[in-house]
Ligand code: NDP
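Below, in structure tokens: the form predicted on its own, a single chain.
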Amino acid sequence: MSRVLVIGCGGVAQVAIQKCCQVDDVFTDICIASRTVSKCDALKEKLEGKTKTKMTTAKVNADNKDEVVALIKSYQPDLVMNIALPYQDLTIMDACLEAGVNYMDTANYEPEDTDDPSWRAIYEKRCTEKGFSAYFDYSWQWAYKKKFEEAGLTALLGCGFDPGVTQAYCAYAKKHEFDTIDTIDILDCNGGDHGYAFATNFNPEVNLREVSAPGSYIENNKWVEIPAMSIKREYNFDGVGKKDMYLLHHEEIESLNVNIPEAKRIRFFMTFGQSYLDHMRCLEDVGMLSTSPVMFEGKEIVPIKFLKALLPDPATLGERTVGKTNIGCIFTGKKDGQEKSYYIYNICDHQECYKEVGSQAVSYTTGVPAMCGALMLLEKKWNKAGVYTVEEFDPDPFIAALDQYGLPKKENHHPVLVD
């Protein structure tokens, strides 16, 4: 029996909560909290009578630590699932430390205001020392490791699909398939079609900032940075077909470089259609992806927030999205002195996700791992104090849970490699 506080009620959170309610012998009590409590109430009403999980809702501003602390102390959860925005990670971690409760999220911290002078000074120092300039990295949350250890609490970072499942796949390959891993290629293919000229499959602010940032990867154990979208490859994805994919910076590269240090090369690729790229470049050229406030008719607005208000809500895309996703990892390395390769991945159908939980597959492939990660913490299968990413835990029970609850793995022991 466990009490869980879920902060956030967007597309991913709604999937995660519905999946939690399918495991109602573990998730016996859930409080859904958001700035927009009407969303929480609507989901609660949708689920009532379909689960034994007792559900309550609450209004909370996750940017306000005192509000989060008060809610935690009032509800007394065993775990806080942060499925809000990555801007709020540190506030919620601070609240969990003060209130004495375990923490998890699905994406690492990045600042909302990239012009903040105090953040900027630390960021520019990191760029010089590490060699990549993306706004998101693990350093801010890794800095909490000692605090969580001393408090006897666990913080699980980035437990979505990528990051999250991709890191579990790496730990699984290391444990079962290789003695040493030489290269890791993470491939994220969304072969879905929602019918809009332009829309993002998850939060537009986070998505567009990620895609428009310079790409980076590990080569010979060192960071290499390239202009955004400047490395393209074509790959024939099982269940989807041939797609163009582009090298991006992604957070799991940073943690895998620390936790699987023998891997000389680690790359991340994501597929994009030409229409998406043309729209994104146009929006970037006219300043619509900027996070810096501008004055408009006497009011201060942030361009990317204004753009978010104009674009379709990713949580509404499920009904109209068709096709499949294919996300996984290709490895090369050695086993028993012999060279080998290995590919572990998942295929997820957009319409099947919609039939089950009313979402498209991008939200589903993030929400299911969030539930499975929470399950690992609540059942004490992942149980050590400190701040950790997914690959630092035993992958077997987590991957078994993914197999059971909607994201079964597929394996290929002779995959086509990415050049």
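These numbers were taken from a predicted model, which means no experiment stands behind them. Residue indices: 1-based, along the sequence shown.
We do not show the form predicted together with this ligand, though everything after this point is about it.
- In short, of 283-291, 116-124, 159-167, 230-238 it is 159-167 that has heavy atoms within 4.5 Å of this ligand in the predicted bound form.
- Only one of Thr56, Asn61, Thr28, Thr51 comes within 4.5 Å of this ligand in the predicted bound form through a heavy atom, and that residue is Asn61.
- A single residue from the set Gln88, Asn102, Thr271, Asn326 has any heavy atom within 4.5 angstroms of this ligand in the predicted bound form; that residue is Gln88.
- Using a 4.5 angstroms threshold between heavy atoms, Thr106 counts as touching this ligand in the predicted bound form.
- Shown alone here, Asn383 lies farther than 4.5 Å from this ligand in the predicted bound form, counting heavy atoms only.
- Contact between Ala95 and this ligand in the predicted bound form is not found at the 4.5 Å heavy atom cutoff.
- For the chain shown alone, Lys44 is not a contact residue for this ligand in the predicted bound form, no non-hydrogen atom being within 4.5 angstroms.
- Residues Ile7, Gly8, Cys9, Gly10, Gly11, Val12, Ala13, Ser34, Arg35, Thr36 of 1-38 are found to place at least one heavy atom within 4.5 Å of this ligand in the predicted bound form.
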